[in-house]
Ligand code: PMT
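Before any questions on how it binds or moves, here is one chain, the form predicted on its own, in structure tokens.
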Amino acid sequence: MLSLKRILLIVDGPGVMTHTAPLVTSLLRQGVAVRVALTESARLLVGDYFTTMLSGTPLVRFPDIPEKILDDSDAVLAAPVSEKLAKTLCEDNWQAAWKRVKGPVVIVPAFLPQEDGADIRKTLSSHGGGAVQWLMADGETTDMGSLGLLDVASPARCLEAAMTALTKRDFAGKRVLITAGPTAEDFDPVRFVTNRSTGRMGVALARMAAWRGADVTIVHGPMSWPVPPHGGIHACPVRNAQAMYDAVMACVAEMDLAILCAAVADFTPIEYSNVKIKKQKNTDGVFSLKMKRTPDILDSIGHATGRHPFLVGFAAESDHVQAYAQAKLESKNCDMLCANDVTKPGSGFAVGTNQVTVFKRDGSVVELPQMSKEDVARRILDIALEGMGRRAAN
């Protein structure tokens, strides 16, 4: 987990009814201590005890924010706030207050239907500076019932911005490629061959890298786990192994780090039927599907001529984990290989935890305990960053 971080959340107007509960809850799940400051208009809508029950901390009445709270805050998130308050938070007296905060101030303006969002954006662009960052809606709206559609960044995007502001940017300037999820190998318009991967581990890696400042490209198959709405994550959806291979090979040379976490199919049907394959008589209930090998993405990168990124592979095994992992590390020419035993409870597909052993090129091994996939992702990125530093120094 992250060391304890503290964020000051300033909330204004009707957005308190739609944004505050999911945002505070999500921050608490990430281990962040939240202190909420409500404007008078927000207090009129939800009262004094709403945010106290959510956050477990006493309500602060904006603008009367004690200096100690500012001193203790690692970042400030003003979400959502009106155009007027957004501009106020950029004035000189507030800029002086923000200097007491350890990290940045992220302002999320909300525009009512009768307001001209384009003009407001232009006006706001001339404000700010210093520690102030903006998070605009970019086409997102929230239904406020009789008030209409509120033009404001979603709670999910606010969470991503907050966690990025709270996280050390030790991957800033680095380009990271991650593959995630299963592939689907079609053999007729209805049926396909796939596996149990949800993409959760790969998404966790992409998210943690983006929070740490990386420019992330995630090439993913048909996942059941969503890609976070983070501005530093660029999603490239594909369906089958060949498409994943093509997408990866088209951009991998530009990357500093490549983590191949996807559960790519080893085999794909030789033939594809343009019509649904019907049940056949006189077959004794047996259906045969001829298959061929798919391209090996990890091997292709590891043995490519010229420069290639620091390369991290994954191995999901059911037996002889260490032997298979070490053999794969050497044969694929990886810098690191992360292996797990999918037969262990809490270490396979479609669960929130994982238990990974990291094998390095120098022969050393790091055994990670069972943790959430987000915490596993953090540790893998830590180890990869150390390896990248050693390789750059040689």
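The structure displayed is predicted, hence computed values, not measured ones. In this text, residue numbers run from 1 along the sequence as written.
The following text describes the form predicted together with the ligand, which does not appear among the structures shown.
Quiz item: Does Pro295 reach the ligand in the predicted complex, with heavy atoms at most 4.5 Å apart?
Solution: Close contact exists here: in the predicted complex, Pro295 approaches the ligand to within 4.5 Å, heavy atoms only.
Self-check item: Any non-hydrogen atom of Phe314 within 4.5 angstroms of the ligand in the predicted complex
Solution: Close contact exists here: in the predicted complex, Phe314 approaches the ligand to within 4.5 Å, heavy atoms only.
Practice problem: With heavy atoms only and a cut-off of 4.5 Å, decide whether Ser82 touches the ligand in the predicted complex. | Solution: Because no heavy atom of Ser82 falls inside 4.5 Å of the ligand in the predicted complex, the answer is no.
Exercise. Considering only heavy atoms, tell me if Gly199 and the ligand come within 4.5 Å of each other in the predicted complex.
Key: Result yes; Gly199 sits at the interface with the ligand in the predicted complex.
Quiz item: Looking at 360-368, 46-54, 325-333, 60-68, which one sits within 4.5 Å of the ligand in the predicted complex if you count heavy atoms only?
Solution: In the other structure, the partner sits against 325-333.
Quiz prompt | One residue of Val219, Ile107, Ala265, Ala75 in contact with the ligand, assessed in the predicted complex (non-hydrogen atom, 4.5 angstroms) | solution = Spelling it out, the residue with a heavy atom inside the cut-off is Ala265.
Quiz item: Since exactly one of Leu257, Leu260, Met163, Ala153 fits, which has a heavy atom within 4.5 Å of the ligand in the predicted complex?
Solution: Of the listed residues, the single hit is Leu260.
Exercise. Just give me the residues of 332-360, first to last, that have a heavy atom within 4.5 Å of the ligand in the predicted complex.
Key: Contacting residues: Lys332, Asn340, Val342, Gly348, Phe349, Ala350, Asn354.
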